[in-house]
Structure formats: structure tokens, C-alpha cells
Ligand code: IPD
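Have a look below at one chain only, the form predicted alone, in C-alpha cells format.
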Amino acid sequence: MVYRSPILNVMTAAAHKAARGLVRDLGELEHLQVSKKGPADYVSKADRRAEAILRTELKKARPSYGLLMEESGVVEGSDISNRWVVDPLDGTTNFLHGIPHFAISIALERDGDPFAGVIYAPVHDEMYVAEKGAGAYLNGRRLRVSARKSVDEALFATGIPFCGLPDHDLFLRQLQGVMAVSAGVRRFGSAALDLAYVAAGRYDGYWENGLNPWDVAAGIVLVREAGGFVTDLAGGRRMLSGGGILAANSALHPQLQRLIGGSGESGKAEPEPA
């Protein structure tokens, strides 16, 4: 039995509790109330209910911690060092179409940097956990990023901007550069699970533009603790502040960055080690 710290126990328990409602709602989609936040951007009663459960459970366990939640926004805490960063349903579009590829993502941010992460895919009962310095695990099994070094053998993941979002032309240029020389590119619709799959060695690398902190914070910890490199698209540290994200092993990271033509401002030129 792999030791799990008290903080990860809090996070996994909250994820399990919120997941029960999501699985139930997935089977009753025709009765689910859905509202529109923007073009092709939806929020459902399932999102809000899961977020309320997560907020209650996390605040009960650590009442002084702040929160950053996708639907509720910022909740200030008296502890200025620690903050939960939560996406109650990453992959909402998949969920609303009955596609069973979505997850709950919970990260603990400590002094501005992701410190612990949990990503739970309830339909497949896959619990990804990681804590700084303690490794990354899937249902108790230690994770390591892929060892592939050649792009022509590598399978990459990305996210495609939908209607209402900018940078369609930028994405098409990036995609053209990668798909011309790689073993393939996948778009499954959940940034959190894309990062978890990189940590598990299922994908060899992943990149995406224009994400929010709750999309990537937990996955950053997972990839780092699985031995991978995570940066913004320019090779810096702006993953949580709009710089996009690029994750891979040490051999493929610089190659993938060159292929997509890393963009955005950066204060650091080299990948950040795990």
C-alpha cells in the first residue's frame, strides 16, 4: 500500500464524493439544466453541484486555505501561502455529449506554485495523485513519463480552439508542424487528463494555448513528479497566467517546442526540471 499524505487524502476524498453526482448525472443528461457562458462554452447543474461539494469538503478540511474555482472564482483565505485550484468538471463538452472522458481536477498551490495534484476520471475509476517530492501515482502504481526520444515515434496531445476563441490560425500552424513528423496527434477534450496521460506515459507530449489555472495546475504536479518537463510555450513559467502549456520528457520537450514555434513572453529560456 503506497503511503498517501494527509493533504492527498483530503483531496482524493473530496474528488470521490463529488464524482458520485457526476456519474449519476451522466446517465440522466436529458434532465440536466445547462446554461451558456459564451460561444460553445457551457456550464451545467452537474458542474455547479460538483463544485459546491468540493468547496465544502476542502474548506471543512482546511478552513484557512483560499480557493480558485472555475465557476465560483476566487475565495480568499486567511492562509496566504496555500490555495486550492479546482475544476469540478474538466471536459464539460464531452460530458454533455455523453462522452465518458472527463475528470475532476484539484490542485494545492503553495506560494504560487502547484504543490500537490489530484485528477480523478470517475467513469474509469482512475485516480491520479502527486505531491512535490513524493512521486506521481495512478491507483497506487508509480508513474513515469515516456522514454521515447524520437518525434517520429511520439504520440502527442493538444486542444483545439472552438468557436469564440482566438488563435485558430496559430493552432493550425502548430498542428501542421507536429503532425507532419510525428506518429500522431490526439484531441480528447480534457486538458487535465491530457497532462495525466503524459505523466502516465500514454502520450509522449502535450501542448495547448490559452488555458486557465484550474485546467492545468494539478497536471503540472503530476508531470513533474513523473519525471517530465512542464513549461509555457516559450519555455518559461507562465503556465498559470496565460502562457499556454508544453509538457513532455526531457528529450522531446525541446523538439516539440521547436515544432510548434514556441510563442509568448518568457522569463526563462530552458525547460524546468521535475
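Just so you know, these numbers come straight off a predicted model, no measurement behind them. Residue indices: 1-based, along the sequence shown.
Same protein, other form: the form predicted in complex with this ligand, not shown, and the subject of what follows.
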Q: Work out which of Ala116, Val85, Ala200, Ala191 lies within 4.5 Å of this ligand in the predicted complex, going by heavy atoms.
A: Ala191
Q: May I ask you to choose, among His124, Arg142, Arg187, His168, the residue with a heavy atom within 4.5 Å of this ligand in the predicted complex?
A: Arg187
Q: Classify Asp90 as contacting or not contacting this ligand in the predicted complex by the rule of any non-hydrogen atom within 4.5 angstroms, answering yes or no.
A: yes
Q: Report whether the minimum heavy atom distance between Glu57 and this ligand in the predicted complex is within 4.5 Å.
A: no
Q. At the 4.5 Å heavy atom threshold, is Ile53 in contact with this ligand in the predicted complex?
A. no
Q. Applying a 4.5 Å heavy atom distance criterion, does Leu211 contact this ligand in the predicted complex?
A. yes
**Q.** Answer range among 144 to 152, 75 to 83, 90 to 98, 125 to 133 for contact with this ligand, defined in the predicted complex as heavy atoms within 4.5 Å
**A.** 90 to 98
Q) Along 62 to 80, which positions have a non-hydrogen atom within 4.5 Å of this ligand in the predicted complex? A) Glu70
